[in-house]
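Two forms, one protein chain; structure tokens for each follow separately as structure 1 and structure 2.
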Structure 1
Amino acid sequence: MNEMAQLQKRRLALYGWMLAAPALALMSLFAFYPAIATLWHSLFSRGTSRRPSVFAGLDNYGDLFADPTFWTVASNNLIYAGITIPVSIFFALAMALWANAHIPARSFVRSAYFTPTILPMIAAANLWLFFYTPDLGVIDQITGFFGAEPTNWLGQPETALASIIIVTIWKESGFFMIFYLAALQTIPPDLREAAHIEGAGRWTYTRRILLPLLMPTTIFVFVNAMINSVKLIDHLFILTKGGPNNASKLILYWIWEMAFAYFDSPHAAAMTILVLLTLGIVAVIQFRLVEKRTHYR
């Protein structure tokens, strides 16, 4: 009997590995191998036709930490992520609650909220470029009615990053709303009726029942928003190109700039590894702390 049981376990294990093999192959090809190759490349110096690349250890990482641009870009990305993530999630939840309510023209409201999401990134950036155009743009035309002077929203350090943040929130809120809307439609209406019978108000129902049930969706949306916060590049190409004076330059754009504009792929690889490490640390903290307070149904 023990031999039969062991054989059965081996068959189940083999069956499990066979099921996981396609996913493991794809992950190895498109995730694990590129990450390892990038790490290895970051340990070598920049090579030229006259001076070949040599092993440099952690020198590329030291160069990044000593570069003032690194700290400027890192602080820009922290500000960008610190604003876009919570604000996009807040607006997405608010829009989902409204779109899920019994209101007139509910289908139109849902479509209007989701429309920015289906626009291509380049098209959306060009649309906002028209909005931000000094003196001729829609924003300056509106503020001009109130006597405000024309503003170069994308051309001055004080407003360039904020302008990019507004575009991102406008673009992502509708996308995240879809996930909240789908989650809201899975919550039984009996819970609201039971809470109403118990005397719970709308705020109490939202805080004590609705938000905890939406926590798995919030975690999923948060992870996506965090990833999006370090991979923005399309809007920057059209709107600011990281300027003025690096005021709106973000991590992925700087990596592209180092690799393909300055042909400094080792430092770009080192920056990529730092981004992966940061995302990994945040993911571990999230799943260790937040997951414990999450209720799955």
Structure 2
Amino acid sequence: MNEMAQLQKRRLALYGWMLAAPALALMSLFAFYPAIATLWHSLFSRGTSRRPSVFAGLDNYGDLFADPTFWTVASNNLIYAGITIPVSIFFALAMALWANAHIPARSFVRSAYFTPTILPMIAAANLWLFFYTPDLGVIDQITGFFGAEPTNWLGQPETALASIIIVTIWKESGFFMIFYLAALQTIPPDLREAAHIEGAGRWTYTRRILLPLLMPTTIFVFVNAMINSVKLIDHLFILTKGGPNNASKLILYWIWEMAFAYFDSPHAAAMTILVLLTLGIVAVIQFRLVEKRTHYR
């Protein structure tokens, strides 16, 4: 082997590290180190002036599993994710297809779809709060027009979570649309023509050709949507505060409460670690499973 070539290789490796270093340093400082500190914290009991913090092992985790709220919150979040992810992906796809089609005033349509993305969540939540106002709100006025009874959308356990879900879908779909829109450009138009000549209708083309080809984008969007289904809670603070009776409480909101309202950072830390673990595992499984199916790229 050529010695110079070896040297060259080592130098390139060094360059690589040097280039990545600033970002890695900042990341360690503001994400990895605090995350590890969180992990550490989660192993200690909550300290107060009467009882100092002591090592508690996995007690905090045990407490969480014993807490019925944990199960409520976890199942709420599962429902929330289970609905927001597919539905917003569906809308994003429909939007992208429409925004990509030749329809009148296309740029207005695109802007309309995208606008929720640039609205601050807090402001958007305040607007929706008034949308949902029983009787007076726009929604009840519309349903009332069709003769429906006024509904206390945010005030009943049956509809509270659904109302939150709708806001999330509204906020996210336009963002995901952008990624689909971009992916659609990379699909050669002659595939569509070939499919038509082979006798495929619109629906067959979409189902048999378009959707499989958009799979990589769908994975990207899916992972992002999954992260957001845990991360996005700004609207909860305004819309329901997790109520009524925890009916719309999501994991991160609960973590937030534990950390900053209950002064119980060890349990919050434990919960955080659980979420991190779950997200990481799901993401890895996702990538693994789907990579097999999309290797044609």
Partner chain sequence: MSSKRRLPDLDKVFDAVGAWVLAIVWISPLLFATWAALQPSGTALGMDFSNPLTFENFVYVWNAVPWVGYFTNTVVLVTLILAGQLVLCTLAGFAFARFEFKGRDTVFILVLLQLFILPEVLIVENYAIVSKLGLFDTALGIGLPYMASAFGIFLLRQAFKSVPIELEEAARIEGCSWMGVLWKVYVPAAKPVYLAYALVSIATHWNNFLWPLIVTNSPDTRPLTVGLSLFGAPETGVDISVISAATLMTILPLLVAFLIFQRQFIQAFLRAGIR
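No experiment lies behind these values; they were computed from the predicted model shown. By convention here, residues take numbers in order along the sequence of structure 1, the first being 1. Basically, rigid core = biggest C-alpha set you can superpose within 1.5 Å across the two forms.
Query raised in the report: Looking at both forms of the chain, which one is the form predicted together with its partner chain?
Result: It is structure 2; that copy is the form predicted together with its partner chain.
Query raised in the report: Rigid core fitted, is the C-alpha displacement of R192 between structure 1 and structure 2 2 Å or more?
Result: Comparing forms between structure 1 and structure 2, the R192 CA shifts at least 2 Å.
Query raised in the report: Is A13 among the residues whose Cα moves by 2 Å or more between structure 1 and structure 2 after superposition of the rigid core?
Result: Yes, because once the rigid core is superposed, the C-alpha of A13 moves 2 Å or more between structure 1 and structure 2.
Requested in this report: Superpose on the rigid core, then tell me if the C-alpha of I281 is displaced by 2 angstroms or more between structure 1 and structure 2.
Outcome: False for I281: its C-alpha shift is below 2 Å.
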